[in-house]
Ligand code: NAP
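Starting off, we have a lone chain in the form predicted alone, written out as structure tokens.
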Amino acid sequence: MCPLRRRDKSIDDNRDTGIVIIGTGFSGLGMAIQLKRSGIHDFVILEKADDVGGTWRDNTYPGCACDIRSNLYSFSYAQNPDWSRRYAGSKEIWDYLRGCADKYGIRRHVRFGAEFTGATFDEETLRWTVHTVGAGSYTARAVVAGVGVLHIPSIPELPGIERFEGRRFHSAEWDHGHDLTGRKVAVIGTGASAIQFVPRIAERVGSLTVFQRTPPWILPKPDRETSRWERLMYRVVPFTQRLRRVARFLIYDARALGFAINPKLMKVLSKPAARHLEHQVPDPQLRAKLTPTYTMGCKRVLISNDFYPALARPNVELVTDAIAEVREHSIVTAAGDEHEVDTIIYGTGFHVSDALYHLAITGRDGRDLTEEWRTRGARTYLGITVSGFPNLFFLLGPNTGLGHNSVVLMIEAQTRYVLRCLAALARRDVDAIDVRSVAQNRFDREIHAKLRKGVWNVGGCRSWYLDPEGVNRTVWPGFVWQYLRRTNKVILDDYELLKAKRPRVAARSGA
């Protein structure tokens, strides 16, 4: 019998617990749900906010939505027949996640207002001590980090920004109390967030100046409402929704041929984007500014039907000159042009390649995870386990992000893998599992040999896929089905199985 299969008890009793999960986005909730479905109830989830939802709880900017079809951007075991659109908005996705938390009884395991600050591994008891702000410390057999990467805003250091007397905020921290009506607004960046909120605010601001560093490739967005008969069909015959999900998965996954296998194929995939630009932007001068000079896929490919028309509005100006300085009431470009503004909105995305570098985690022999990743790069095995850090599991860890398919598929594969690792501990009657450095190094060499041939490295651009050294520590270099196959079985020869030298002393109930 698995030692983690204890009675389902209140989180107040769980200072000493089987598993600590960090975060309640798709990753954290997905892990918790899979544990419950497997009969494992001895776990606690740490959440710094006051509700579940992760990225989809925090991002509330106008127009926020997913760029993956709703049927695929959801758990396979919790399909929603009532998506209102092909591409759901942030509020609807957040409602979906909250509904999943309620359906599977996850909330009782969540400690809200508990911000993870670090974890330390005890080599005698083979247990982790997890530290938080707001909820004290926990001891656990295993730690699952579902912290994600889209939660630390990336804000550029603009010369003179401290002098600016207007309002400024990042899209992920949208100031809904600041009325933009009639204001002179500057938007910094033209990434995934900006192309969604720019059209929403352009029609009500007095003037809008959009500062673009590199134009994105933008495809048409085939969005529409889900009809009532489709919803009825999904409810009465659920197989039809699953069938559409599989079909969409295959279509998306085929794009890996251009992203990872043969970047020359991206020239074919970019033709619809080029036609979209030509059709929506008749002005040749504006179109020239919006035409990418790098291979499609080198940076994140975006979808939108209203971004280009928004830039053509008479109250909107696209600026491609670099920002030289910010003054009290204006932004000055390197060309010497001064643009009067009273509000600055950063649409500059998030820290991605270094998003996990802030984790204060100490493993065997006092090894500091942050220090190792900063000096040697974020190296893992399958993006899930790290040598020297037993029973520590990452979800959507390094090199398991996607640019062509739904990351929820990766999360489900990883949660199943974690469950198999935990089951292996029970079968072998051991306390911890630690990936061998030779296996980790082998995996690292393998994926980076593939990444060097992918569009992210040969496409002629600089993107957040790459770390400061120019190494891609972000995406999976291949088809999703290949990753699903790789994680379908735990190869125990790649791991060291550990038995505690000193039995732990059980914590008092309610401690």
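Position 1 is the first residue in the sequence shown; the rest follow in order. Everything numeric here is computed off the predicted structure, so don't read it as measured data.
The protein also exists as the form predicted together with the named molecule; that form is not presented, and the subsequent description refers to it.
**Q** Would you classify Trp464 as touching the named molecule in the predicted bound form, given a 4.5 Å non-hydrogen atom cut-off?
**A** Trp464 belongs to the contact set for the named molecule.
**Q** My question is simply whether Ala194 lines the interface with the named molecule in the predicted bound form - judged by any non-hydrogen atom within 4.5 Å.
**A** Although the named molecule is absent here, Ala194 would touch it in the predicted bound form, with heavy atoms inside 4.5 Å.
**Q** Using heavy atoms and a 4.5 Å limit, would one call Thr226 a contact residue for the named molecule in the predicted bound form?
**A** Outside the cut-off, so no.
**Q** Can you work out whether Thr209 and the named molecule are in contact in the predicted bound form, taking contact to mean some heavy atom pair no more than 4.5 Å apart?
**A** Contact check for Thr209: no, nothing within 4.5 Å of the named molecule in the predicted bound form.
**Q** If contact means a heavy atom within 4.5 Å, which one of 175-183, 425-433, 159-167, 341-349 is the stretch that engages the named molecule in the predicted bound form?
**A** One stretch meets the cut-off, namely 341-349.
**Q** Heavy atom within 4.5 Å of the named molecule in the predicted bound form: which of Thr190, Asn71, Thr385, Ser406 fits that? Just give me the one.
**A** Result of the distance check: Thr190.
**Q** Quick one: of Thr214, Ser84, Thr370, Asn262, which gets a non-hydrogen atom within 4.5 angstroms of the named molecule in the predicted bound form?
**A** By the 4.5 Å heavy-atom cutoff, the listed residue in contact is Thr214.
**Q** Quick one: which residues from 64-86 get a non-hydrogen atom within 4.5 Å of the named molecule in the predicted bound form?
**A** In sequence order, Ala65, Cys66, Asp67 come within 4.5 Å of the partner.
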